[in-house]
Ligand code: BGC
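Just the one chain here, laid out as structure tokens, in the form predicted on its own.
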Amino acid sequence: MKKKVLAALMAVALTALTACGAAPAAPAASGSGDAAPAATDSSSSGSGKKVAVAMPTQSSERWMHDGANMKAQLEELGYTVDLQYAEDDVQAQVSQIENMIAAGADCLVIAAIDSDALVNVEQQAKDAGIPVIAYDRLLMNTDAVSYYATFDNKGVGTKIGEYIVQHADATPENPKTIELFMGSPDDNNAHMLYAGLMEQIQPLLDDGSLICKSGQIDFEDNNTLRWDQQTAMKRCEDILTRYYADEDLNICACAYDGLSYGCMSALEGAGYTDANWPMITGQDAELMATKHIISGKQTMSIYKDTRLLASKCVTMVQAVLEGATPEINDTEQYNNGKIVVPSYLCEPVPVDKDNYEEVIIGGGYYTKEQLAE
């Protein structure tokens, strides 16, 4: 069974490599200490049942990997998989899910673009007796969702904040400037990440160790719709022009690697060099971000082994379709406004130049060759 799963995943990884330029290597033990195993043992079979997987976009490397990993594992178990990407078009995702329901999906896995926009179509699924599993983005304001597979989203923000506190060397006598580039306001993960980050850095903002010259500390002022790189770049350009003409920006607290790329472009345009290059954080440890960490352009990222997350979601799908209860490790944290959604949280791992080889290469996520290209 293990050899079959590895072969299937390697084939899909090669497809993703062609589509987006690179993909993680075949599954191995993740850097967090958890393995990325096959979904379940070979005695189980999908028996031809159809699983529909709605993903947000192919423009982000990590969503390509998520979809490829899940499709391979589900097909290995005998399920027919309808995997679709909506390219961050909310109405397109609504239409895709409606079509999935009409086509007779036995289970829906949804990584939402805007979960509030999906409430009606989720109700259609519930009325049709189709179980719904939220994937990495919580489905809000609905009782149609059965389970949620994700990373510890508040924990991601906590780890970014801890990294800043531990490495910025900021004190009231030696303050550092900081600007925040947070995620999309229609994504519950972004709010939880922000909460985790602020718990760590708020004391330093209060005592003057960290100074945000723009004053854009509240989430309403620093969020980035759809986690968009260009939006982050333009906002960073504006901040640098208005507030940092005579002083360097020391820290870009970015909630996602794509936002860090946008900030890098703005910083380069403003004339920043190695001599005054700021600390830049991120999330997802994308291939490009990991290369930036090696070169020193990005300081750190949060590694989220999408192979492991896909595997946990696949076990949820199989349990639901077989009338069993999936593995859950959180029944309190994820209140979506209607119900508390039973969840499985995978552990995020911070990576920087000191541990990327052990965590990312050692975990089999990227190879040395990929990172050297």
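Predicted, not measured: the structure shown is a model, and the values here were computed from it. Each residue number is its position in the shown sequence, starting from 1.
The protein also exists as the form predicted together with beta-D-glucopyranose; that form is not presented, and the subsequent description refers to it.
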Would residue 153 show up as a contact with beta-D-glucopyranose in the model of the complex if we use heavy atoms at 4.5 Å? yes
At 4.5 Å between heavy atoms, is residue 284 in contact with beta-D-glucopyranose in the model of the complex? yes
4.5 Å heavy atom contact, residue 147 and beta-D-glucopyranose in the model of the complex: no
Though only this chain appears here, would residue 63 touch beta-D-glucopyranose in the model of the complex if you measure heavy atom gaps against 4.5 Å? yes
Heavy atom within 4.5 Å of beta-D-glucopyranose in the model of the complex, from candidates 96, 189, 209, 158, belongs to 189
Please tell me which of 181, 227, 303, 261 lies within 4.5 Å of beta-D-glucopyranose in the model of the complex, judged by heavy atoms. 227
Note: beta-D-glucopyranose not shown here; in the model of the complex, the stretch from 161-169, 291-299, 134-142, 264-272 having heavy atoms within 4.5 Å of it is 134-142
In sequence order, which positions of 236-256 have a non-hydrogen atom within 4.5 Å of beta-D-glucopyranose in the model of the complex? 256
